[in-house]
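Shown next as structure tokens: one chain only, the form predicted on its own.
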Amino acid sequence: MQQLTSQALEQTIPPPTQTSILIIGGAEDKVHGREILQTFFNRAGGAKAQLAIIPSASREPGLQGERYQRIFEEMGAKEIKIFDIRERHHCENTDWHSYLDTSCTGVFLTGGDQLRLYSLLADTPLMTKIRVGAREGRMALAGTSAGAAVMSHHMIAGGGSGESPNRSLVDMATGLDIMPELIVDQHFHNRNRLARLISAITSHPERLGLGIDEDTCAMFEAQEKLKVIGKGTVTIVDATEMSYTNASKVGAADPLSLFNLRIHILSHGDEYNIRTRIPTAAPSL
């Protein structure tokens, strides 16, 4: 068999696709620099991006879907489909399944109500294709606000703020299990949710708490290392070395004691390895 020249060989090998999972704290810039949305667009293929927008968490999915569609059209996406899922049976749409199987390079989950989003997508073949595609690096996946919360297996569904950590401060539910190592909270410092995330982690100390501010993103590549993008911070709550908690001894509304809890606050350019639990500062300019 005739040997291929190096130039011909390069042409037969598809270029590597740089994919990512982007967990966005909500209220990302949609007007000016659009840094986070532009990063998702670039990771999904740039001018070759073929995107799916899922606005199902929103009370106005039509308007929400069209808003993001306009943004990505202005960036120059090759193709955009809105998966307007309002009932579970809509997930059986064969056109959408074909698109995910053959063309789609990026999926964007908008904000709204994470419980609604979960109820529509959980345990559907459509969601399985998205989860597997994102984990295997075949497509970029981004979720903002409610779309960020559903990334976890143990999902924060609601709760309060401005109190001392206590078990009644947070309502937990099951998420879409895209990043099962995490428990995600969004609009974080903007809505004073540190105590809420700590309360959630107390019940699941093996998970890593991720609190993401507005217009801020935790971007995962190869699912081990996250990098912070945006104007705010990402707060990491690590309970793996916690030496004591009184959670089992006090009532649900009583204050919690937690000893040796580790908290990291990361800003733009900082990184964190979720396997080794080691943060790395952004390179100096």
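This is a predicted model, so every value here is computed, not measured. Counting begins at 1, following the sequence as shown.
Keep in mind that the form predicted together with another copy of the chain is not shown, yet the notes after this line are about it.
- None of 84-92, 187-195, 150-158, 133-141 except one has non-hydrogen atoms within 4.5 angstroms of another copy of the chain in the model of the complex; the exception is 187-195.
- In the model of the complex, no heavy atom of I274 sits within 4.5 Å of another copy of the chain.
- L256 belongs to the set of residues with a heavy atom inside 4.5 Å of another copy of the chain in the model of the complex.
- The closest heavy atom approach of K249 to another copy of the chain in the model of the complex falls within 4.5 Å.
- Proximity of E163 to another copy of the chain in the model of the complex falls within the 4.5 Å heavy atom cutoff.
- Interface residue among G232, G26, G45, P61, judged by heavy atoms within 4.5 Å of another copy of the chain in the model of the complex: G232.
- Of the residues in 100-124, none comes within 4.5 Å of another copy of the chain in the model of the complex through any heavy atom.
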